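Coming up is one lone chain in structure tokens, specifically the form predicted alone.
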Amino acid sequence: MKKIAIIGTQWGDEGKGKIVNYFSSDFDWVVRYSGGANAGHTIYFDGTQYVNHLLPSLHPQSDTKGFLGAGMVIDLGQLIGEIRVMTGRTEGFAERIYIDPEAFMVLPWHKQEDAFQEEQASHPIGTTRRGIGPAYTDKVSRKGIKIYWLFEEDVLLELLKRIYTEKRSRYGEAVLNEPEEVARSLISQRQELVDLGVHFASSLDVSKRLREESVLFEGAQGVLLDLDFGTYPYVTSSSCLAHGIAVTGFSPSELDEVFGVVKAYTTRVGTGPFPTEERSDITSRIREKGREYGATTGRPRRVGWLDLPALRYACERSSVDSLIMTKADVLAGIGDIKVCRAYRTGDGITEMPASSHDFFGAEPLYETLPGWKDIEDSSFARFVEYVEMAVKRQITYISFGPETDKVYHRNEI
């Protein structure tokens, strides 16, 4: 059965949620394999907006099941809130959700630690303060708490006491919530998930079904925020590449196709390098027309022109087969369009960064292309062809507008 991955090729916010939602009804499963509640995926269906941070972007009116993989860090309270909203609008939704008990939890202390670190830092990263970085830090330090310990209450409390003692000694009164209080809350949340009908099942438990049925792997954030290959340290704390599916027991070689989602322009939330960032009057026009505000934080996104060197880099890093372009309609009617074709760096001119270090201090070299009045304009067709030739990937689908059904195969336009 078909297996595909949909990943972001920029700094997140490419519209992956809508794209996954569009394709999801054609698949038996949608699998989130990394990230946490710092990823905001917005979808619109039947005039209703859904903003989920942990749930896979399932089509509300389908039988598709969602799986939260072991590579995630999960805030149970946030997850319950999202499931309750979806269940209120789609009967039986919770019973379509499966959670791998191997996944780690985001604890209240992680959020407090996140906020404390940002406030004390001389150069803040600009995190969402959702506790993601500290949760992954504890995971790697072998101090995190996996979901399966929710079912061993004595062990859970003992682990929480150890973590609390250490964090309290390090952060003092910035760390609140006694371990007994946290334990009661987590156990209550576990029971609430069970009562809602959510399944706890490892990828091994459901591996036969996943291999015999069709699966869409949903990426979080974008390649340029990847922990290993993004613009470190201004990155997230997990894998944003299609290769990250390995944590679910699948090999990237099992994928039939990797789709990369790319905006017709570029945005970024938070600090860090952004070679094509614009600070002209056009910025606010694009931001307002494209609703460029973070789905998680509400922060205005930084805006710039399409960055082809960065796109080439993302396609190579994540073995992208073809592209899906979003928000080309946002650029309609604004006049000529600029596209970054290469960088000038200390070593000369480059068409693709050799490493993430090349994003720092890169000077964009632009090509100016004629704008378009709508996506049926021949100038838009030339823009699409220009991008395809530059990155040697076909743009197979075009998305415009926020609604899920506004996605067309390029041959339909």
Ligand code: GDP
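Since this is a predicted model, take the numbers as computed values, not measurements. Throughout, we count residues from 1 along the sequence that is shown.
What comes next is about the form predicted in complex with this ligand, which does not appear here.
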- Message: When the contact criterion is heavy atoms within 4.5 Å, does S24 count as touching this ligand in the predicted bound form?
- Response: no
- Task: Look up in the predicted bound form whether T42 has a non-hydrogen atom within 4.5 angstroms of this ligand, and give yes or no.
- Result: yes
- Message: Taking this ligand as it sits in the predicted bound form, is R317 near enough to touch it, meaning that at least one heavy atom pair lies within 4.5 angstroms?
- Response: no
- Message: Taking this ligand as it sits in the predicted bound form, is D321 near enough to touch it, meaning that at least one heavy atom pair lies within 4.5 angstroms?
- Response: no
- Which of these residues, R96, R312, K327, H243, gets a heavy atom within 4.5 Å of this ligand in the predicted bound form? K327
- Please determine, with the chain shown alone, which of 63 to 71, 383 to 391, 33 to 41, 353 to 361 has non-hydrogen atoms within 4.5 Å of this ligand in the predicted bound form. 33 to 41
- Query: Going by this ligand in the predicted bound form, which residues of 154 to 185 come within 4.5 Å of it through any heavy atom?
  - Reply: none
